[in-house]
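Shown below, as structure tokens, is a lone chain in the form predicted alone; questions about how it binds or moves come after it.
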């Protein structure tokens, strides 16, 4: 029996999908994921909606570019790559299911599709096109560790990191299409990277975030893909603001569990005061209505 290892090559692919250019987007994503595999990656993350592009002009256009999460052309191409290279992929997908479309991420291994995450917190005009995610935060058991997933704006909510971590995730994969935030100081880390670093540290998880680059129908995207360790510091990246590239880091996923013990007396999960947090849902509803 082969030895089970928890150390892997973890890759974040930063690419530039083009709106409506599904064939070209698939080809580019496969080429860049293949490069990652050739450089030693076993777990590869691709950007949000990397099959379709992002800036839809109408619900009809968004729907015309959506596909089934098991039989669509993007998933078939990614599954062939995963099988041929014996790797695992997490890829952003414009998904069509039961008459609805979702901003999803598909998890694929050498044996095929393992499952889906559907974006829970929809950003801006996404609310015009996509149904809200209805699968929660699923956990995926891989040979080298446990995987959680969320997408882009989900990372603005600390509950996303905490749900993945409490369910057992060692690594969280984040397909994303980050856009500039108002009042971003040019000399500081972009806000998305700051949030990921804090989420990784506060939950003791690895995070691999694959962003897109380019300007699509007037909307610029940030780039700055990053791979973060469970201590909260980048292991690779941030990537450039405008270039396609593959980030790669070696990650021992067993380190995630060890990092949650901050010292002899403090543990990130054991120290949680759930007796104090009980009213958080009611408080959140009141705060949102102000």
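Positions refer to the first chain, counted from 1. Quick caveat: nothing in here was measured; it's all calculated off a predicted structure.
The form predicted together with another copy of the chain exists for this protein as well; it is not shown, and the discussion that follows is about that form.
- Just one of 122, 79, 97, 114 comes within 4.5 Å of another copy of the chain in the predicted bound form, counting any heavy atom, and that one is 122.
- Contact annotation: of the candidates 194, 71, 219, 84, the single residue with a non-hydrogen atom within 4.5 angstroms of another copy of the chain in the predicted bound form is 194.
- Only one of 149-157, 170-178, 100-108, 207-215 lies within 4.5 Å of another copy of the chain in the predicted bound form by heavy atoms, and it is 149-157.
- Remark: residue 18 does not count among the residues lining another copy of the chain in the predicted bound form, judged by a heavy atom distance of 4.5 Å or less.
- Contact check for residue 166: a heavy atom falls within 4.5 Å of another copy of the chain in the predicted bound form.
- Contact check for residue 63: every heavy atom lies farther than 4.5 Å from another copy of the chain in the predicted bound form.
- Taking the partner from elsewhere, residue 259 is found to have a heavy atom lying within 4.5 Å of another copy of the chain in the predicted bound form.
- Along 216-233, a non-hydrogen atom within 4.5 Å of another copy of the chain in the predicted bound form is carried by 231, 232, 233, in order along the sequence.
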